[in-house]
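Shown here is one chain on its own, the form predicted on its own, set out as structure tokens.
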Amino acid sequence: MSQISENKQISPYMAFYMVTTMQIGVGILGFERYIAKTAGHDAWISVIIGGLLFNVLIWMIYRILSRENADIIGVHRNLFGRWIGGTLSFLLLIYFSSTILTVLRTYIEVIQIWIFPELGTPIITFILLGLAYSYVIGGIRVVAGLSVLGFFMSLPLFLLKYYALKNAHYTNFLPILDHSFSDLMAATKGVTLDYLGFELILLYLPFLKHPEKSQKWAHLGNLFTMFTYLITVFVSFVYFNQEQLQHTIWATLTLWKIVDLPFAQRFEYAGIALWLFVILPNICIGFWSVSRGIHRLYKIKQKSALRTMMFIIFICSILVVDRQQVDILNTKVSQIGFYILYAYIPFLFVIQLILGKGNGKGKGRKTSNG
């Protein structure tokens, strides 16, 4: 797909870990409340609908990039020219940066509410950004390896849902299909934020060896995410009734409180600490991809772009001061992501077909190593 040396590329199967790592972040700690507002106990259906729709979007993204033989920066340049294409790429990078800020600031809020209420946002932000920088400067291979580590570190946490099932009320799911189609679609829109992140493949796909072979792994990663969200929704819905769920902001964290282990009395503390291995790969993939995009767009050294990005994210994180603003940030990013995925990606797909471009000989093919 690109003129990138093989020693800077990663294996196709890494798409599985990078896709699911980006999708499973802080959202899974409390998304049940939001989707249950409109679809109630039928919200699990929306999780399936969202997962299947996102597989269609993954297919579209692979088709768009393979036709141009480029990343999204090259696709924009080939389809719309230098100036319009550059503007579209800039706006997309702004959106990707906002998703990094959303994940970072939401995780900081979790730390402040549940563990260190007196610890200031600047200190936590500085520590997390410092950790992220130490990995991102190592390149895409280090970041991909971190996503594998995060994947396996988080798996034991899902086994702890067994404790909630001891007090399950399976009748909470009845009656099934009790909500209208419009309610289910509204809940599907609400679950968008939880599936966001996979679209960064628009930037890092050229760094996957044999990109065409990585597509099946990207689909499997998305399906694994869907399965994970389904299990999470199932456990929360059988433990909480709908009224309780509407007053539970962090459902998964609340369930961790009932975990009874002989060596850990307040397991939610350990769970939040372990969740760092999920969040860190999430923001590292974002930082690497966006800094790479800035390098491609403006010919700035990637390390310089990374440092500038982190400074801006640091300032923005401090400016978000309370729970209400964090909630607004999550809502706005989710809305923007919804339209980018369900409107802009199909728009690019159709425009590419209409213009008849995509012979793989455009300017987008000329990418430098990174």
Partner chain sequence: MVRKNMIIVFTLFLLTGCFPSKKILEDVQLVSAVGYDYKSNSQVELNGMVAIPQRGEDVPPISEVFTATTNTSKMARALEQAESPKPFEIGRLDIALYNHRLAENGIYDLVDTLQRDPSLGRDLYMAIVKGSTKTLLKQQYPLSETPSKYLLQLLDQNMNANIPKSNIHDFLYRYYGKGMDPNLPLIEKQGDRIRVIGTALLKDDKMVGQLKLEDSFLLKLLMEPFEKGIYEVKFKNNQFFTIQNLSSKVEYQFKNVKRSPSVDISVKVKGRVSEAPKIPVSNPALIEQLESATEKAMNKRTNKIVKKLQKAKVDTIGLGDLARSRTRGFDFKRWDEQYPDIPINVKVKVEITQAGITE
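Numbering follows the first chain given and starts at 1. Every value quoted in this text rests on a predicted model; they were computed, and no experiment measured them.
A second form of this protein, the form predicted together with the partner chain, is not displayed here; the remarks below concern that form.
- Only one segment in the set 200-208, 223-231, 75-83, 266-274 has residues whose heavy atoms sit within 4.5 Å of the partner chain in the predicted bound form; it is 266-274.
- Relative to the partner chain in the predicted bound form, residues Trp114, Gly120 and Gln244 are all within 4.5 Å by at least one heavy atom.
- This chain appears without its partner; in the predicted bound form, the one residue of Arg63, Arg323, Lys332, Arg307 with a heavy atom within 4.5 Å of the partner chain is Arg307.
- Proximity to the partner chain in the predicted bound form, defined as a heavy atom within 4.5 Å, singles out one entry of Thr254, Thr106, Gln215, Thr192, which is Thr254.
- When the partner chain is considered in the predicted bound form, Phe151 lies well away from it, no heavy atom lying within 4.5 Å.
- Not displayed here, the partner chain is kept clear of Pro156 by more than 4.5 Å at the level of heavy atoms in the predicted bound form.
- Using a 4.5 angstroms threshold between heavy atoms, Ser182 stays clear of the partner chain in the predicted bound form.
- The partner chain is not shown here, and in the predicted bound form it never comes within 4.5 Å of any heavy atom of Leu160.
- Residues of 162-177 placing a heavy atom within 4.5 Å of the partner chain in the predicted bound form, in sequence order: Asn167, His169, Thr171, Asn172, Leu174, Pro175, Ile176, Leu177.
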